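Below sits a lone chain in C-alpha cells, taken as the form predicted alone.
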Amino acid sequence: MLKLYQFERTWGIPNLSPFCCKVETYMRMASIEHDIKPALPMSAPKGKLPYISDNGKALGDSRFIIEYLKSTYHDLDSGLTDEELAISTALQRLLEEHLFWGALYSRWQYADENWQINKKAIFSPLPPIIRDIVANRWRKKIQRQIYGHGMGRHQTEEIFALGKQDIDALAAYLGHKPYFLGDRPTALDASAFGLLINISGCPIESPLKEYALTKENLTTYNERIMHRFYPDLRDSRSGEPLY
C-alpha cells in the first residue's frame, strides 16, 4: 500500500506541516488508500517532508507527489477548464511561494514562545542529549532560508502586511463558494487548507493568525474540510470532534 511519511500529528490538526497536510488532504479528498508513517525530514529523499513510497519508489516534494497521485490514482482536477487550471496554479503559488513564508517566519523567528512550541512539536521524538543541538541548527537553517527567499529581509510589520494581503485575496476569491473552484474539492483546496489550518488552527500566535481568524468564510472553509475529510480526528482533551 502507498505510504505517506510525515510529522506526527499534533496541535489537533492533521499535520504541523502545510505540505504534509496538503498531501494527506488530497489523498482523503480523492479516496486514495494509504498508510501514514511518522518521520523526521533527516531521512527524507529531499531532506524534507512529506514523501511517499509506492511500488518500491520513494518520491518527495508535495507538488511532484500530487502529480504522481493524479496520474496514478485519481485526478481531482479532471474536468477543470484551462482558465480554472490557471487560477489553481496562480493561487497555489500565492499560498506556497509567498504566504507560506510569512507563516514560517511566525514559527521560527517571530517570537521565542512560538519557537518553543514549534520546537517541542517537531523535535520531541529525538533523544534529549541531542534535541537542543539539532533543533537550534535547524532553526538557523530555516532562518537563512527565510532570508534567502527575501521575506526575511523585511521588517516584521512589513512581513505581516504582505501576509494580510494574501489572506484578503484568498477570502475574496473564495467568497461564498464551498470550495475555491466551485462545488467540489480540487488540488487547490488541498493546498489552501494545508496552509490555512496551519495559520489559524495551531497554537502559534501572530498578527497573521489574528487577521485570518477575522475572515469568517476562511474559518468556515477550514471547518467544512475538517468535518468532511477528517471526521476521525478528535480533540485529545475532550474526545469531541474538533469542528
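None of the values given here were measured: they were computed from a predicted structure. From 1 onward, residues are counted along the sequence shown.
Another form, the form predicted in complex with a small molecule, is not on view; read the next lines as being about it.
Novice: Pick from 124, 136, 165, 145: which has a non-hydrogen atom within 4.5 Å of the small molecule in the predicted complex?
Specialist: Exactly one listed residue reaches within 4.5 Å, namely 145.
Novice: State the residue from 54, 61, 210, 67 whose non-hydrogen atoms include one within 4.5 Å of the small molecule in the predicted complex.
Specialist: It is 61 that has a heavy atom within 4.5 Å of the partner.
Novice: Where does the small molecule sit in the predicted complex: which of 200-208, 46-54, 30-38, 170-178, heavy atoms within 4.5 Å?
Specialist: It is 46-54 that comes within 4.5 Å of the partner.
Novice: State yes or no: in the predicted complex, is some non-hydrogen atom of residue 17 no more than 4.5 angstroms from a non-hydrogen atom of the small molecule?
Specialist: Judged by the heavy-atom cut-off of 4.5 Å, residue 17 is in contact with the small molecule in the predicted complex.
Novice: Does residue 160 make contact with the small molecule in the predicted complex, using a 4.5 Å heavy atom cut-off?
Specialist: Residue-level check for residue 160: no, no contact with the small molecule.
Novice: Can residue 100 be called a contact residue for the small molecule in the predicted complex at 4.5 Å between heavy atoms?
Specialist: Answer yes; at least one heavy atom of residue 100 falls within 4.5 Å of the small molecule in the predicted complex.
Novice: Does the small molecule get within 4.5 angstroms of any non-hydrogen atom of residue 7 in the predicted complex?
Specialist: Yes - in the predicted complex, heavy atoms of residue 7 and the small molecule come within 4.5 Å of each other.
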